[in-house]
Structures are given as C-alpha cells and as structure tokens.
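Starting off, we have a lone chain in the form predicted on its own, written out as structure tokens.
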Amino acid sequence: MKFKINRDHFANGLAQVLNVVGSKATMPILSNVLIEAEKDQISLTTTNLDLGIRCKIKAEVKETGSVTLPVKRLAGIVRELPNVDVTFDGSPNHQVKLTSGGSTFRIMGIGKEEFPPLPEFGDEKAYALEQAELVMMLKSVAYAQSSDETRYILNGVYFNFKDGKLSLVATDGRRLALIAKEMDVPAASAGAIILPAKTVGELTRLLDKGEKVKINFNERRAAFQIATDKDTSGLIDHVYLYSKVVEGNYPNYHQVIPKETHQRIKLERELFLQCVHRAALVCSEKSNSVKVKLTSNLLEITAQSPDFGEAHESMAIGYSGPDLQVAFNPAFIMDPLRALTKDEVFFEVKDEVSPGVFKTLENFVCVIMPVRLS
C-alpha cells in the first residue's frame, strides 16, 4: 500500500480514534489502528471490543492495501513530522516507511487479519438528530451517571424512544437528571438502550463536526454516524462510532420525580451558581453540604466546616411562602447549573427531608436528595 497525505489531516484523524484505545490493551492488536487505503481516501479504525470508531480522510492513494500500527506511537510521530506532505509506504511484511521532509521512520505493524472488525448495521431501529441538540441533551444529564461499578446499570445514560419523544436519563441513586425532546417515534422503532459512560464521553467529544447524527440500535449494541464538515479537518462524510450497550433493565425513574410542587422559586442560574460555588469553598470532606434558607423574598446560602470556618451568601428572589431550610451536597446543585445554558431556572423544595428539584421550561428536570440536617 502507498499513499500521500497532509500531515495535519492525518494527525487530526488519528486524534479522533485515539481515545478508544485503553492503556492496558488485553491483546497487542487492540493497541493498533487499522489503516486501509482505498481510492482517494484512507480509513482509520480502532476498537477495545466494547467501543469502536472509524473515520475517513482524503489522501492521494497510489496503491491500495491495509495494515495496523501502534496508534499512540504513530499519532505522536505524525504530529511532530517536519513537513506538511507525508508519504506512507507499506510493505507485504507489515513494515511501514513514513517520509516527510528530511525525516524517515520505519514502523513495525501487524496484519489486518488479526484486527476485530466493527459490526456493520443494517436497518435496525434508526433515528436522525441534530448534533447540537444531542450534545446539549447529553451534557444536561451526563454528570448524574454513577461511577460505582457495582451498580453497572447506572454507569451510563438511558436513551428512551417512546410516546412521541426521546428522553435521556442519568442517575447515581442520589440525584437524577432527565431531559426530553418531542420527535416522531413510530411504534415499530420505539425502544430503549443504556449507553455506557465511556461511549457518552466519546459521543460528546465528537458531536460538533457537522449537522446530523444518525443513530441505529438494537438491544445489544448501538452505532452513531456523525456527519462531518470536511473543509477544515480533512475528515470525509462521517465518523462512525460503534458501542455495546449496558444490558439490563433501567430502574423506573418516573417514581423518583416528585409529582406535586410545593414552593417554587425562579432563579438566575449564573448568580445562584456563583453563590453556591463561593459558599462551597469552605466545605470539607467531613462537612460537605450547603444550607439553602428561604425567607420572604430572600434566599440565603450558608456553609461551614469546623476546621475552616463559614461562608454566607444571599440573593434577592421573588418568594412569599413559609420559611424553609434544606441542605444539599454543593456539587449536586452546581453540576446541573453548569450544564444548562438558559438563564432562568426554577427550583422547587418542600421541606428539609424531601428532594430539591431543578426545572427549566425546556423539558429538563434534575432531582437532588437533601443532606440530613443534624
């Protein structure tokens, strides 16, 4: 195989597929990228068996062929090459010669036959979404995924296509975030998957390349075709991301969301976030909570730790209900506020032992459990 390629395009393509490869690959081939040269493009593929990714880059192909090379080492070399023009020359014994300006590298590879292929998808359940919309939805809930490996069902984001809408949910048992968008869901295509946290991270990183993303899924796996704008990065058509899904039944999240609202206050998101952030600066591991106190037209946030001291913040709000005080883990308040983009959020509380709820006018809900006041 033999081709000429733009160094920056090559480096960019390798950067797209690099993350999937773990530092402790179980087999040498899983540390490699599969490079395939076709008519006027090359494709780059990596996989860790649970997650796989492929992208295509334009290149001047003189001889078609394929080889696999250690992806991290290769990406490091390509980034540092002195000249924008790079010549890639592969020999039948899987050795590759890379030439650029006055630099020449010879790299030992492994043949394609050992590389586990990515599954290709037929017409399983399929949807198309706007990339900007999906990334906004993912960011609105992803922080609430559990990182506790014993509760593997919660180590991901739940996608539910049902009843004329797509809902995304994440929870770690102490908080739950949900966002929904109305869309056409034909009865035959209704269904749900739990997308693992690592896939969610990759998806969030990849979703700004173009306009559309196509999702195909069945009960065992999902695939995303992420359209790309090829003018700048050299990427062609789309990036293809394949993932196994978390198998099992997601808990019934509807029963966690309080049915009735008691006290509802409108907050300026950024201002409330800054107040909580400042108050949390005095928190410690032992006393990691902030108290939210509501009195007539005033919201006060206090925090204290015996080793450090205390903080007090106040902001004017429109409130005429009863005096109320409830404590929360500050991160649980700040995460949804940081993830949202709208200026206006609504905060609902009932008493010091009931969950607090953040809402926006755009089908977003985040439920957070309180910290018991001693």
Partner chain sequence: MSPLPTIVHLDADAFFVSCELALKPELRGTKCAVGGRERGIISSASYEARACGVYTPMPTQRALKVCPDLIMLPHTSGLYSKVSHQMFDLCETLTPLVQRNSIDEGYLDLGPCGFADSPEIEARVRGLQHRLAAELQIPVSFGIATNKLVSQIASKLRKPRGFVVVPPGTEAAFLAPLAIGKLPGIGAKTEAALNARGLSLIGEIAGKTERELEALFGRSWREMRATARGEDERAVHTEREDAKSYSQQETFFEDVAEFAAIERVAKRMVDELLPKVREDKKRVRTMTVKVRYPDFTQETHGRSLAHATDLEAPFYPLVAPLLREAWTKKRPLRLVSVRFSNVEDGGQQLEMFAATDEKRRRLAGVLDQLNKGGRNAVVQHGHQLDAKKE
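What you see is a predicted model; the values in this text were computed from it and never measured. Positions refer to the first chain, counted from 1.
One more form of this protein, predicted together with its partner chain, exists but is not displayed; see below.
Contact annotation: P251 falls within 4.5 Å of its partner chain in the predicted complex, judged by heavy atom distances. Proximity of L361 to its partner chain in the predicted complex: non-hydrogen atoms within 4.5 Å are absent; the residue sits far from the partner. Proximity of D229 to its partner chain in the predicted complex: non-hydrogen atoms within 4.5 Å are absent; the residue sits far from the partner. When contacts are judged by a 4.5 Å heavy atom cut-off, D148 counts as touching its partner chain in the predicted complex.
Remark: all three candidate residues (K286, V367 and V371) come within 4.5 Å of its partner chain in the predicted complex, counting heavy atoms only. Annotated contact segment (heavy atom within 4.5 Å of its partner chain in the predicted complex): 166-174, selected among 93-101, 130-138, 166-174, 270-278. Site annotation in the predicted complex: the residue of N329, Q41, S66, T47 reaching within 4.5 Å of its partner chain with a heavy atom is N329. Residue in contact with its partner chain in the predicted complex (any heavy atom within 4.5 Å), chosen from L298, I107, M183, V256: V256.
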